[in-house]
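What follows is one chain in structure tokens, specifically the form predicted alone.
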């Protein structure tokens, strides 16, 4: 298989164009179980009718694991926001509508969001008292079974001929939609706080969700994100985690 053109680069993989396929090549040493799980999750999501790049196969390329999928031509919602800032509210509306449609789906084969958050909080490096407080909040949260992306951001939505496609499903779970929204809000805060607030207002209005209900998830998802040790994020995440003291 010829890797024709590098089209994206992440922390753990590179994505290439190869004919009418996109090839995600994982870094050397990336766990085989994680690659196979990502392919499995994507296959399950495909079954419930959401627009996603369909996975074709998992293979080895030049000694590295790779996953091939449909190539979706278009622009990300993030690109559209940056190229057309005067209409950013329209794009935020679109983002919220896509997310609400996703949350309306059910996929019982996905892992549980609570289990993933619990594991990440336990590996966050926070002190035992703070972990206990956060895990208590998590344990008391309502138990839902909605499809949650886990990294639902404008850069993971591609618009192709007017049709939205959601990409990068490796963090997908079933659980409480407001936790998924809190994770999106945190990402947007790192990108643009004004857009983040617009997004949260629109989501709460369209879903008839109390803003405080979403905000209660912020310390939990921030602590879970802290376990990823992403450069440049720690200060904001620590501020959101400290909110737990005032709950």
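Residue numbers count along the first chain shown, from 1. Since the model is a prediction, treat every value here as computed from it, not as a measurement.
Not pictured, yet referred to below: the form predicted together with a small molecule.
- Contact with the small molecule, judged by heavy atoms within 4.5 Å in the model of the complex, is confined among 165 to 173, 101 to 109, 126 to 134, 140 to 148 to 165 to 173.
- Residue contact check for residue 42: none of its heavy atoms lie within 4.5 Å of the small molecule in the model of the complex.
- For the chain shown alone, residue 158 is a contact residue for the small molecule in the model of the complex, at least one non-hydrogen atom being within 4.5 angstroms.
- With a 4.5 Å cutoff on heavy atoms, residue 237 does not count as touching the small molecule in the model of the complex; it lies far away.
- Interface residue remark: residue 118 is not counted as part of the site for the small molecule in the model of the complex, having no heavy atom within 4.5 Å.
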